[in-house]
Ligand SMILES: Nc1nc2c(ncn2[C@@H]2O[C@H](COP(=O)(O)OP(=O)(O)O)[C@@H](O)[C@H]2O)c(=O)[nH]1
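Starting off, we have a lone chain in the form predicted on its own, written out as structure tokens.
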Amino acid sequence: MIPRVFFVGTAGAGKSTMVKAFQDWLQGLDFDSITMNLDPGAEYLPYTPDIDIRENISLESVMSEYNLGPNGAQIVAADLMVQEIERMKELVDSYDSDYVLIDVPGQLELFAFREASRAIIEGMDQDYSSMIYLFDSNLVKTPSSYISSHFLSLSVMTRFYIPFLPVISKSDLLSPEEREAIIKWDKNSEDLIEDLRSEKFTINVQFAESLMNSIRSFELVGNKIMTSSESSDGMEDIYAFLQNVYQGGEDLEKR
């Protein structure tokens, strides 16, 4: 069975670009992968999807049929995708490939917080699925924004019981100082809380500090991988994570 790899993150985090970059990286090593687009409203994709939900469910058709605006149509379309699970699973299993890279809707809430998405992962075979969660580098530059992004990732991770790898996307856009700060916060929550206190002392900061203290001992999300679709930084780390999940750390065989 082909491993299913879901690329998830907030709008603008670079999911589609990451799917393309990782597929190109795999191809450069003679590994094969196919791509699946699960965004019915995608107007442009940097790759040509092998499996595309838009062939059966498009945002325009949903808007027309249900007399909805774009936002309402996105919600209906997300729920309609459940009806396509069996067909998509059959299509995936018809390929001889190392991975299927799955690009989810740009609006995180449409994927992460609707029951339809859980049904999709279960229907696609939850036991052979994993998740690459993209933290937008533009949204983790300050202690407070880092913490809010951290909590959002926790809420997504606890919705799905599948292997989870957190990555910082577009890391090439970070300055050396910003990159160093994020790595420091990742490794030591006490440094994060200290920097948070110096950022601004308000009741919100006190609340965030209390939350961080409550989850500190769990280390649920783990250290985040710095990645860049432009420079291919972090692609080897994503590959290593997937091989550990699916092959016990063994490398793929060249095709």
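These numbers come from a predicted model, not from an experiment. Throughout, we count residues from 1 along the sequence that is shown.
One more form of this protein exists, namely the form predicted in complex with this ligand; it is left out here, but the text below deals with it.
### Task
Using the partner position in the predicted complex, report whether Asp79 sits within 4.5 Å of this ligand, counting heavy atoms only.
Heavy-atom contact with this ligand at 4.5 Å: absent for Asp79.
### Task
Look up in the predicted complex whether Ser229 has a non-hydrogen atom within 4.5 angstroms of this ligand, and give yes or no.
Contact with this ligand, yes.
### Query
Does at least one non-hydrogen atom of Gly234 fall within 4.5 angstroms of this ligand in the predicted complex?
No, Gly234 is distant from the partner.
### Message
With a cut-off of 4.5 Å between heavy atoms, is His150 one of the residues that contacts this ligand in the predicted complex?
### Response
No, no contact at 4.5 Å.
### Message
Give me the residue from Glu178, Asp172, Asp93, Glu122 that has a heavy atom within 4.5 Å of this ligand in the predicted complex.
### Response
In short, Asp172.
### Task
Determine the residues of 2 to 16 with a heavy atom within 4.5 Å of this ligand in the predicted complex and present them in sequence order; the list may be empty.
Those in contact are Thr10, Ala11, Gly12, Ala13, Gly14, Lys15, Ser16.
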